[in-house]
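Before any questions on binding or motion, here is one chain by itself as structure tokens, the form predicted alone.
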């Protein structure tokens, strides 16, 4: 009875690269709403709670108990609908979906089949061409509907004792997906679809869909037919396997839910005068509090900091990275275009190498900003800065300045000392102008990265011209 809603994506992907076959994928997504209590009861929602420890009389379907709709869940569904460009129905209805299974003690599930809370939305997304972030295309998929639905219980199968236990806490996680897949030739009617049930990760979803598309194409090209069946994805084998056929389609005997009145929503125009706003759900009020969507956030990052669009995708795709980047910007004199390089090339690569999240980074935004300030003020070279960052990553509590002094990484400021080093290096190369860059590298090596490359170049050019 935890709070969930369904999103229906009809025809999600079209893979034209597989011509002459056109696959069509529709997704039914079960997403658990973040709420303190369940959709129709006051029982607490807590992931991984002991079995049946969060079950009210209504959750257990005791006679005479009635559902009470959770306002928070309605608001979350409306917010989701607005974010996905749906039309919000000011009047939606609840239905009973009848089927009999051990984890559904009432014998029916409360859902929204006829008039759901939101319909006819769209979702735009971007993807890379040939894995190149600089070459991205935008695609849009349709969303059929969003509906509030009572979650079923969880069956725990004990094969050793040949018995099944039931947990009615009904808080099974945050995401489950059913994928409906079919293939057809361009211009022809859609093919027979199969349904791959209860996929619990985006990675498995992609693998299941890819496998099912290829399986159906091979079946049809071999002269066989596709069965209208329910399949499961075996993540270990990387394939889908039959569960049951759908030739005899189950009759769910949908009927209006007699214990719940129609769900009425309002906007600023339809809100009755003198009505307490605490007693209603106002669509406009929710819309005003809708946070920036990813596309808006990316556009703001590009405009505000002058970074490349592909960099904005990376910042948003890593949890907490945008906030880290902006914290560094606030504390450093370095321009954002240079800061982003340190964030993406250095910080992010270290995080991925050690399988850490941004919030687990041993290098805080303050320490990185301090390091970049010293680099910007030409106290250290970029080579030395990389060394300091590596030391900071060890998490020994040292500041960039302490590491610079300990490792003697300060840039050599005495021009006479640099001139002597340049003269010594030039003597080795006999004043050959063609090897200027190599000479600069030799000076850097001689000074252990403590020389300013720009100044070294000027000194060497002066020496070579004498």
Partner chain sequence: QRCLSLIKSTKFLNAYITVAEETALKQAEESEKRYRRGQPLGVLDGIPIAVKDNFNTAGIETTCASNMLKGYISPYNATVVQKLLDQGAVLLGKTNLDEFAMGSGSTDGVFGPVRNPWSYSRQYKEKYVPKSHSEDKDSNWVITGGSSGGSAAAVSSFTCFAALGSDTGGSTRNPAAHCGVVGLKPTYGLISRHGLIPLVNSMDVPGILTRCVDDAAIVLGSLAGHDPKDSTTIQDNFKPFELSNLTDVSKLSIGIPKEYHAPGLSSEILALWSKAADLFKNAGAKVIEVSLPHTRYSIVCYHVLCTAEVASNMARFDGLEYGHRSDMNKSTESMYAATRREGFNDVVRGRILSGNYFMLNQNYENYFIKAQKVRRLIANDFVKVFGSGVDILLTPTTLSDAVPYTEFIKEDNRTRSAQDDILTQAANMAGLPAINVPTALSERGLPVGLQFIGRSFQEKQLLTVAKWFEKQVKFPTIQLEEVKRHDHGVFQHQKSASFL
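Numbering follows the first chain given and starts at 1. Keep in mind that this is a model prediction, so the values were computed, not measured.
Omitted from view is the form predicted in complex with the partner chain, to which the following refers.
Practice problem: May I ask you to check whether residue 258 falls inside a 4.5 Å heavy atom distance of the partner chain in the model of the complex? | Solution: Residue 258: contacts the partner chain in the model of the complex.
Quiz item: Does residue 285 reach the partner chain in the model of the complex, with heavy atoms at most 4.5 Å apart?
Solution: No, residue 285 stays farther than 4.5 Å from the partner chain in the model of the complex.
Quiz item: Counting only non-hydrogen atoms and a 4.5 angstroms cut-off, does residue 355 reach the partner chain in the model of the complex?
Solution: Flag for residue 355 set to no.
Quiz item: Heavy atoms within 4.5 Å of the partner chain in the model of the complex: does residue 90 have any?
Solution: So residue 90 does not count as contacting the partner chain.
Quiz item: Just one of 218, 251, 377, 292 has a heavy atom within 4.5 angstroms of the partner chain in the model of the complex, so which one?
Solution: Contact with the partner chain in the model of the complex is made by 251 alone.
Exercise. Select from the listed residues 333, 279, 349, 140 the one whose heavy atoms reach within 4.5 Å of the partner chain in the model of the complex.
Key: By the 4.5 Å criterion, the partner-contacting residue is 279.
Self-check item: Which of 194 to 202, 99 to 107, 76 to 84, 317 to 325 lines the interface with the partner chain in the model of the complex (heavy atom within 4.5 Å)
Solution: Of the options, only 99 to 107 has residues within 4.5 Å of the partner.
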